[in-house]
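For reference, the chain that follows is the form predicted alone, supplied as structure tokens.
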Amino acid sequence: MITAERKPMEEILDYISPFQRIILVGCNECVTVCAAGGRKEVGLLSSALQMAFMKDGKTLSVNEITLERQCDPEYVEELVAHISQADAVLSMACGCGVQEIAKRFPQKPVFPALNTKFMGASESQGVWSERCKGCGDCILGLTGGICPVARCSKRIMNGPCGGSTNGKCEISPDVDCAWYLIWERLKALGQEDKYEDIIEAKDWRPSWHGGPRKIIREDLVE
């Protein structure tokens, strides 16, 4: 899932301070799971913003709406009935959702309330960890299902480096060495011989270089 964290209150207030009426839009997908932008977080931020305005002797009207998905034009259409009654939109979604709303309503200021962090998984209650960078050329089939692009600090394709100690990365004793994890995984599978296979230079062309990427499924295009 895409993970995110709420921006500092000072930054959010700086965005919306010129306005009196806003739509505060949550998202019922990834940012709900990581407790950053779901219906509950929309309500909490709405109250905090109105209290901050009151302290400055101002009033703020907040229309709280949580969409099923902000990155989907179909659900963004639900804002059409409300958009004329607001001076600006504050989005509690990942950057994809913010941009989709801005695209649909080009004449309305749209601001992010969250910082999009990474694609990750839940480690424990309240803890999420990066697992994937969306590099476009997945090599998990070669590395026992553990990604060295996202989980090795140096993105080493044939590791580990000389800084790995006792299964930990040299940047911090709290960070697992990705290649140690890969070795342990291959060993558990009885595939230790794969560890000696040299992974060829990675093709970064499908990655995030060279402009925005796009997927086109011809069988689904109308």
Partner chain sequence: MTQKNNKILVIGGGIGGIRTALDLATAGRDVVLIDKAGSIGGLTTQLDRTFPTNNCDLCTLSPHLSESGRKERIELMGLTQLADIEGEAGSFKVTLVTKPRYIDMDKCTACGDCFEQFKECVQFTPGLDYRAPTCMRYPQAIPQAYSINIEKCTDIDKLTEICQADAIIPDDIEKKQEIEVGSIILATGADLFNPDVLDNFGGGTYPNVVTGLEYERIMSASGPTFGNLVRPSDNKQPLKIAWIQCVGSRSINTDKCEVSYCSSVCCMYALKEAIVTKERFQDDIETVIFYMDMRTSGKDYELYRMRAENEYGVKLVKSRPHSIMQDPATKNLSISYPLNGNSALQTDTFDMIVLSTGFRIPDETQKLAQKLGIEVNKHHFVKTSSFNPVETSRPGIFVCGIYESPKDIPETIVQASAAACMASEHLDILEKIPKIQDELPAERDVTNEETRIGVFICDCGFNIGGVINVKDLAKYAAKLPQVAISEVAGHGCSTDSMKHIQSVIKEQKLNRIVIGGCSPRTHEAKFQNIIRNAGLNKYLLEIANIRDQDTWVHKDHPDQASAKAGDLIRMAIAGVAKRRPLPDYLLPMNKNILVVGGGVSGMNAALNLAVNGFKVYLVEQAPELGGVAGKIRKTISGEDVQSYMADLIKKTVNQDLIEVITGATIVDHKGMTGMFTTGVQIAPRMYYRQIEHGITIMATGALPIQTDEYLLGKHEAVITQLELDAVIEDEPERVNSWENIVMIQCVGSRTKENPNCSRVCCQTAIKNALRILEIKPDVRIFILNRDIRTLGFHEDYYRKAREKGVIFARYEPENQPIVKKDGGLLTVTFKDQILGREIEVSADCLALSTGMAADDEATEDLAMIFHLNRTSDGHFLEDHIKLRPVDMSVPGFLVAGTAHSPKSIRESIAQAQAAAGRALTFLAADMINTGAGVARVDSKKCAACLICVRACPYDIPYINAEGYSEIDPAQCHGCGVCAAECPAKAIQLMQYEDDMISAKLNGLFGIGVE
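Keep in mind the model is a prediction, meaning the values are calculated, not measured. Numbering follows the first chain given and starts at 1.
One more form of this protein, predicted together with its partner chain, exists but is not displayed; see below.
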Partner contact for residue 35 in the predicted bound form: its partner chain, 4.5 angstroms, heavy atom: yes
Exercise: residue 122 in contact with its partner chain in the predicted bound form, heavy atom 4.5 Å: yes
Interface membership of residue 187, its partner chain in the predicted bound form, 4.5 Å heavy atom rule: no
Its partner chain contact at residue 63 in the predicted bound form, heavy atom, 4.5 Å: no
In the predicted bound form, segment of 69-77, 102-110, 122-130, 135-143 with a heavy atom within 4.5 Å of its partner chain: 122-130
